[in-house]
Ligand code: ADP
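Listed next as structure tokens is one chain, alone, in the form predicted on its own.
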Amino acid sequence: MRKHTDSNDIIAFEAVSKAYGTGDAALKDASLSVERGSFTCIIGPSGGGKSTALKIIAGLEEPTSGTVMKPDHVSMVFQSGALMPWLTAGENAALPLEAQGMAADKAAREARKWLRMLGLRGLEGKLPRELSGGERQRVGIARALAVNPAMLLLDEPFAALDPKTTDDLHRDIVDIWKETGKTIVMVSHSIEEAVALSTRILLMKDHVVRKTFDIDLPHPHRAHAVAFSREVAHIRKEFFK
């Protein structure tokens, strides 16, 4: 497996396949690329390969064949937030820093910085059960960013949240992307969400990338109603083709 070079692509799959012992294939000679600093969304029907592609980027799965170029240091945010229920928000966010050997007091300061950036000032001492779903997801994002990854991976992070919380987090994640310059790759089940957030959309169907769409709209994308609706309609047509 090759690691990323100095090219503008931070991720590149070349003829990547992933098969399981059952004989089922999640990816079949799939090729894709992600530019450094971009916000890329992967969409597609269930079983099309998008989650498997994200897991390979995260290092949670290994391809059966093909070559993968990617950075070593990535962070992933799951749909559930995956917080330790016995740790406070601050302790959850500091956990990976301490695991890397950072002193506890320094880890706490760094975690607190990211929690505040995500609107959680004053909630550092709360346990996950004392937080709303949106707040728990913010803690998960803060924890992922605290270790300063080369790339942030988001696996349908807003799917279980109410519309108002989702809109708030959409704005926050775009602000963080602009402020940090991080590469973000997100799997989404929503075409509208993908168009609203990303600079590029990869449509995965039948275990390969079928189409790539560049979104050339200034943020916030939804503010440009006619152009936004046109993009959504165009991608929806390809999605259901």
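Treat the numbers as computed from the prediction; the structure is a model and nothing was measured. One rule holds for the numbers: they count along the sequence shown, beginning at 1.
As for the form predicted together with the ligand, it is not shown, yet the points below apply to it.
Residues within 4.5 angstroms of the ligand in the model of the complex, judged by any non-hydrogen atom, belong to 38-46 and to none of the other stretches in 38-46, 209-217, 66-74, 178-186. Proximity to the ligand in the model of the complex, defined as a heavy atom within 4.5 Å, singles out one entry of Ile191, Val174, Leu32, Ala26, which is Ala26. Interface residue remark: Ser198 is not counted as part of the site for the ligand in the model of the complex, having no heavy atom within 4.5 Å.
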